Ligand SMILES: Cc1ncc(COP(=O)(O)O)c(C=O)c1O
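The form predicted on its own is given below as one chain in structure tokens.
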């Protein structure tokens, strides 16, 4: 057996394989140059950002879109539009990105994290039911790593209790759930178009909804809460969450090729799954498609049964990186991050937990809230972003490195 590179052997790849790569073409350059020549760089004085929003909602089949400067802003705008605030709770997914839950804190609402299923890391409907209280106003569902979460059980739970669903589809633009695009099933669907997502506007993001009043409210508060046609006149606490024209110009070009990009990602993921399965190594679980939908594989995630290996997951990641595979791994579920232990986000106060409007427990044990998510996080490895830039040679090198490392460390 070849000696591992981390131990002084020859690596599988001499040139490290990048985890993500931006896919840009000539049209992106042409559009950006046109914006620069026009001198109209902001959404309120141009055409590109609004055009991107129109194309995005058409692609998803939604009635309304609200474009913004990033996916965190869009999640915040969804909460603002839904009038979620002090005293309210939002049940959140612990895996994905930290701002999926922290936007609740922006509104002085309390995030409560539900645990996940052990296979995909999706929020678990059974644990959602356990976490619902009279203070619960919404459930925020993350479509983790670009795969569609199982929505029907959550929809049934929430409809029975008059609770709203926000889909955090930042990583999953183009993924489908029972032949419907994710992000179009909840009250709001939130998407990110930051540089490493399915399509990119550099930074950026957008909301979709079928509710006109909610779309107008989100758009209003994303533009300073500035009242139209009244000059500098503001009727609420607004934010500068506008998308720039340069972002929109990139997005208009990018969304035209989204189907091609997604097909390439899915083909790459299918190939990786077949090749990893063929290795016959105990204790490694490839990324499978859920039976009810089709993902876009923003990250191709494997899970390890660590009892089968002599070293930790982190040591396996280090060994894979030494072989030239720029993989990565989750660090902690969101609820286990230090901010939830400190609970100090507004000056020296402990709001929203100490807010006079909040009638829930003043001491919330976030650390032990999601034990299955912690176990999932400890076992998962992101092998690649599965992007369209990957060739068969690249994919084979990933499999070869994985085989080399796992067989070396296998018990």
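Numbering follows the first chain given and starts at 1. Everything numeric here is computed off the predicted structure, so don't read it as measured data.
There is also a form predicted together with this ligand; it is not shown, and the following applies to it.
Chemist: Heavy atom to heavy atom, is residue 97 within 4.5 Å of this ligand in the predicted bound form?
Modeler: Result yes; residue 97 sits at the interface with this ligand in the predicted bound form.
Chemist: Can residue 311 be called a contact residue for this ligand in the predicted bound form at 4.5 Å between heavy atoms?
Modeler: No, no contact at 4.5 Å.
Chemist: Can any non-hydrogen atom of residue 72 be found within 4.5 angstroms of this ligand in the predicted bound form?
Modeler: Yes, residue 72 sits close enough to this ligand in the predicted bound form that at least one of its heavy atoms falls within 4.5 Å.
Chemist: So in the predicted bound form, is this ligand close enough to residue 194 to count as touching (4.5 Å, heavy atoms)?
Modeler: Contact check for residue 194: yes, within 4.5 Å of this ligand in the predicted bound form.
Chemist: Only one of these stretches, 64-72, 378-386, 344-352, 27-35, has heavy atoms within 4.5 Å of this ligand in the predicted bound form; which one is it?
Modeler: Comparing against this ligand in the predicted bound form, the contact stretch is 64-72.
Chemist: May I ask you to choose, among 320, 142, 80, 296, the residue with a heavy atom within 4.5 Å of this ligand in the predicted bound form?
Modeler: So the residue touching this ligand in the predicted bound form, by this definition, is 142.
Chemist: Tell me, which of 250, 91, 170, 147 has a heavy atom within 4.5 angstroms of this ligand in the predicted bound form?
Modeler: Comparing distances to this ligand in the predicted bound form, the residue within 4.5 Å is 170.
Chemist: Taking this ligand in the predicted bound form, which residues along 199-220 bring a heavy atom to within 4.5 Å of it?
Modeler: The one in contact is 204.
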